[in-house]
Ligand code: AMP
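The chain below stands alone and is given as structure tokens, in the form predicted alone.
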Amino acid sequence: MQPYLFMISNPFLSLDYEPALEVLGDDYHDIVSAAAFPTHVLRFRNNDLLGTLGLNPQQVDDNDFIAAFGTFQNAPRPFLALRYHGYQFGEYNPFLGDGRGFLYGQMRGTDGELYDFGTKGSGTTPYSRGGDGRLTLKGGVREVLAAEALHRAGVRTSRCLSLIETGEQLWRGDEPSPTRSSVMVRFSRSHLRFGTFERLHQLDRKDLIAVLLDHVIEHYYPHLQHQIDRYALFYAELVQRIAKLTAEWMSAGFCHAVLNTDNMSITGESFDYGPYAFMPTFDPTFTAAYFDYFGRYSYGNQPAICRWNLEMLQAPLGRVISYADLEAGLATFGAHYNQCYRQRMLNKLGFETLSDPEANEFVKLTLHWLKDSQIEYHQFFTELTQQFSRSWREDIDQIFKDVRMVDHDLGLLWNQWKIGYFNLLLSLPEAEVDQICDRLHRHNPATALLRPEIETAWTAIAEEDDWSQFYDLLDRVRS
């Protein structure tokens, strides 16, 4: 009787989980078990997500998180480690799969969408390939921060539901070791990746590709389900979702760092944050991962890489979609990316609608200024947000009136930027000025999640077990 009472009392265990992926059968996954950990300390719980689950944060205890996502007691569904392959740094790797996590469960949110609970650091699986299946605490801390910062910046991203420290010592080549361990639960729209399809293509299983594609359309593109050409329409929409996502990263100054095809979601959602970084100054060559020796995944390469990943996805999808339809879908990537990126940059500058020539020229001028001046990328937009005033429309000298350029060439460029901004303000109705102020605040987070900020918070945790700086940083990137 006790397990039944416990199950009812823990709100996570009484959610209405759906076996959406489970019912596809074991061609796509393996049933696995969670590791047993020596201790469990809840370090982060995402109350912001509980409403989407239909839960009241005040009625969810910390021990509920630990029981469900730390000790994994009385789990409502079997744990599924998904099988997939992928192109890693341009080379095909058939030895992949969920190596340190699994699909905990799937459920409908209050918005009607299907969501996945996916673990990270929960133990070994058949795809661990000699790894320990664990997640460092620092890795968990970094992903929590990245997901919340990107969400605040308006990026379509997975988020962390919980982070639990698990009391083991781990050895890693890229962190001072031994280092602390954790298990994280990622809340995302799907556990399926480009590499899930690539594996089926490698196995020559056209039948399974069609089954999986029907599943994806049913659950994540339901508006296409009854279309005769639904497969081609799916790919075309995925291309546009990925183009939009890439524009979101670029405008946010975010470098994902590991854009392998196994890190690309079939729903067009950003996830899996390892050696990511927000670039400090505008630099297309900025590379976040120390092991990306040739800059394949540099900040400026991200649009081309995402398009390449979509092109590689044509091989498995080509089993059921014509080459002409695939090429027609992919051909829209560039225009859609440019449109989305321009719009997001205009929003960061305070504008909503400008003519194409005006918008293109002023965004180009802004990027020219940011690149040549090497002013801190995020700070520029923060200062713009904080200093903007109605007086800017009345007197050009009021625009950034306290900023003085010593370098003559930069001074000319800076004056050109101010003249451009002033003329755009004059071209708008006076009533629009207040909306510009609101837009600036909405699209420009006050705190940038730069590496020094993360390292300062982590040092306090590593050396003194002081979590106050982490929680403070989390509050600031969310605000």
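None of the values given here were measured: they were computed from a predicted structure. So that there is no doubt, residue numbering starts at 1 and follows the sequence shown.
The discussion below concerns the form predicted together with ligand AMP, not included here.
K.L.:
Report the stretch among 375-383, 125-133, 103-111, 207-215 that approaches ligand AMP in the predicted complex to within 4.5 Å, counting heavy atoms only.
P.N.:
One stretch meets the cut-off, namely 125-133.
K.L.:
Is Gly99 near ligand AMP? Define near as a heavy atom within 4.5 Å, in the predicted complex.
P.N.:
Flag for Gly99 set to yes.
K.L.:
Give a yes or no for Tyr84: in the predicted complex, does one of its heavy atoms lie within 4.5 Å of a heavy atom belonging to ligand AMP?
P.N.:
Because a heavy atom of Tyr84 falls inside 4.5 Å of ligand AMP in the predicted complex, the answer is yes.
K.L.:
Does Arg230 make contact with ligand AMP in the predicted complex, using a 4.5 Å heavy atom cut-off?
P.N.:
Arg230: no, not in contact with ligand AMP in the predicted complex.
K.L.:
Is Asp272 a contact residue for ligand AMP in the predicted complex, using a 4.5 Å heavy atom cut-off?
P.N.:
Judged by the heavy-atom cut-off of 4.5 Å, Asp272 is in contact with ligand AMP in the predicted complex.
K.L.:
Pick from Lys364, Lys401, Arg172, His336: which has a non-hydrogen atom within 4.5 Å of ligand AMP in the predicted complex?
P.N.:
It is Arg172 that has a heavy atom within 4.5 Å of the partner.
K.L.:
Quick one: of Asp262, Glu165, Asp116, Glu148, which gets a non-hydrogen atom within 4.5 angstroms of ligand AMP in the predicted complex?
P.N.:
Among Asp262, Glu165, Asp116, Glu148, a heavy atom within 4.5 Å of ligand AMP in the predicted complex occurs only for Asp262.
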